[in-house]
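The form predicted on its own is given below as one chain in structure tokens.
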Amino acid sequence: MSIYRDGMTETDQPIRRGRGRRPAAEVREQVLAAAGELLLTEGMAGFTIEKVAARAGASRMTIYKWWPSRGALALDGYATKVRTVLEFPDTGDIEADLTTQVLAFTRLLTETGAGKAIAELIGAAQTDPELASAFRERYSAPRRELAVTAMGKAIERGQLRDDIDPKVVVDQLWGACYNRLLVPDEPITDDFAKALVRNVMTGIKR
């Protein structure tokens, strides 16, 4: 491996395409895609900045400019990878939409490497303040807001009681999924997801 006069190695040199550098937005997109793929296949144990840089054809220096830590990059990669899977439907039927969303989440946890990855990220966040902050700001809070907004619309449509707290309902639904993920006394199944929504709806629908 060659060492350049500025101290950077070949892998740290900016990647060029043709006569110019790739646009920053394109590089960032490819880094996030590479990070998500690496996390879901190898977990946090095999997740390194060096491996992401190699997959994305980017320099480590560039990656460190955008992400303060390995954990923050892993989280953003995960969020990018699962974003389309976890899009919140809006059919006008809140019970159907909640069921679809919870099923999508539980299947993601059980049928891909996402379950292991998110469990490891939650664990790492307990001792990594930067990751904990990123988890709240860039993953859990935006996802929570999607569900809260959907239930707010359902209240306006008269489908849900107007005295419920949507944030508490989010904790009841997704908190139960995380509980089975992190404390695996019982399996995460489709029947569990459907029963979970059905039981909660009994108490919150108008």
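A residue's number is simply how far along the shown sequence it sits, counting from 1. Owing to the predicted nature of the structure, the values given are computational and were not obtained by experimental measurement. Only the largest set of C-alpha atoms that superpose within 1.5 Å between the two forms is called the rigid core.
Beyond what is shown, the protein has a form predicted together with another copy of the chain; the following relates to that form.
In short, of 30 to 38, 140 to 148, 53 to 61, 66 to 74 it is 140 to 148 that has heavy atoms within 4.5 Å of another copy of the chain in the predicted bound form.
For Q126, a non-hydrogen atom is located within 4.5 Å of another copy of the chain in the predicted bound form, even though that partner is not displayed. Taking the partner from the other structure, another copy of the chain in the predicted bound form has a heavy atom within 4.5 Å of a heavy atom of E120. Proximity of D171 to another copy of the chain in the predicted bound form falls within the 4.5 Å heavy atom cutoff. Proximity of R161 to another copy of the chain in the predicted bound form falls within the 4.5 Å heavy atom cutoff. Applying a 4.5 Å heavy atom cutoff to another copy of the chain in the predicted bound form picks out V183, P184, D185, E186, F192, A195, L196, N199, V200, M201, T202 from 183 to 202, in order along the sequence. For D128, the Cα coordinates differ by 2 angstroms or more between this form and the one not shown after the core has been superposed.
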